[in-house]
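In structure tokens, one chain follows: the form predicted on its own.
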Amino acid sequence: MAENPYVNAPRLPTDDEVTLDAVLPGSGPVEIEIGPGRGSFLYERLAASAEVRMIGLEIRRKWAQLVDERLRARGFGGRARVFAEDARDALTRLRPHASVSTFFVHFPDPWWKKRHTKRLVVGDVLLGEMARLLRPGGELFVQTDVEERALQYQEAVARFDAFSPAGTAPGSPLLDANPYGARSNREHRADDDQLPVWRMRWRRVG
């Protein structure tokens, strides 16, 4: 049986606590993308914002390895890494508290049936860890092309006093446009096909 070519995809250290500077040395603000997939958002965001450092947590080993390699090939290896990790587990080990400037979650939860609701990535576990890791004023950006999911995410985040809506209109998390100068692969497709996208942003309460 042939060996899995992605068996050695990059992983976080196995320590109970992993500091961000240990896996991505540098001085710029740290942004984390949950599920970067093929990496379009990472590449564009790094090109648009020369000061940021970025970590991608991608559960699929193939894309974690390929995108991590492509980041180096494009000259971003000193500012970005992708690790083959389930974000819900990985975030519990990241330190220090209040050290991340932005979390990005693009088009998660590709399950349509109601029985899969309990599997939602954007749930209490993930949100609790993001609240712990975000610095005061830090941002959580979530987008989806499924209206029902957008409503579920808003309800989930509303359960946490740590987050305040930071959308276009006061008191709402909904944004008229993506403000980060970068788009994910799926966002590119949705925009090309003129499909609606629900974009939401919250800020970490001090």
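Quick caveat: nothing in here was measured; it's all calculated off a predicted structure. Don't overthink the numbering: it's just position in the shown sequence, from 1.
If you look for the form predicted together with a small molecule, you will not find it shown, but the lines that follow are about it.
Does the small molecule come within 4.5 Å of a heavy atom in each of 23, 53 and 72 in the predicted complex? Verified in the predicted complex; spot residues all out of contact, no.
Contact flag, residue 88 vs the small molecule in the predicted complex, heavy atom cut 4.5 Å: Residue 88: yes, in contact with the small molecule in the predicted complex.
Are any of the heavy atoms in residue 81 no more than 4.5 Å from a heavy atom of the small molecule in the predicted complex? Close contact is absent here: in the predicted complex, residue 81 is far from the small molecule, nothing within 4.5 Å, heavy atoms only.
Considering non-hydrogen atoms and a 4.5 Å limit, does the small molecule approach residue 103 in the predicted complex? Close contact is absent here: in the predicted complex, residue 103 is far from the small molecule, nothing within 4.5 Å, heavy atoms only.
Would residue 185 count as a contact of the small molecule in the predicted complex, using a 4.5 angstroms cut-off between non-hydrogen atoms? Contact with the small molecule, yes.
By the heavy atom within 4.5 Å rule, which residue out of 30, 67, 57, 157 makes contact with the small molecule in the predicted complex? Partner contact (heavy atom, 4.5 Å) among the options: 57.
To test your reading of this chain, name the stretch in 133 to 141, 174 to 182, 157 to 165, 58 to 66 whose heavy atoms come within 4.5 Å of the small molecule in the predicted complex. Of the options given, it is 58 to 66.
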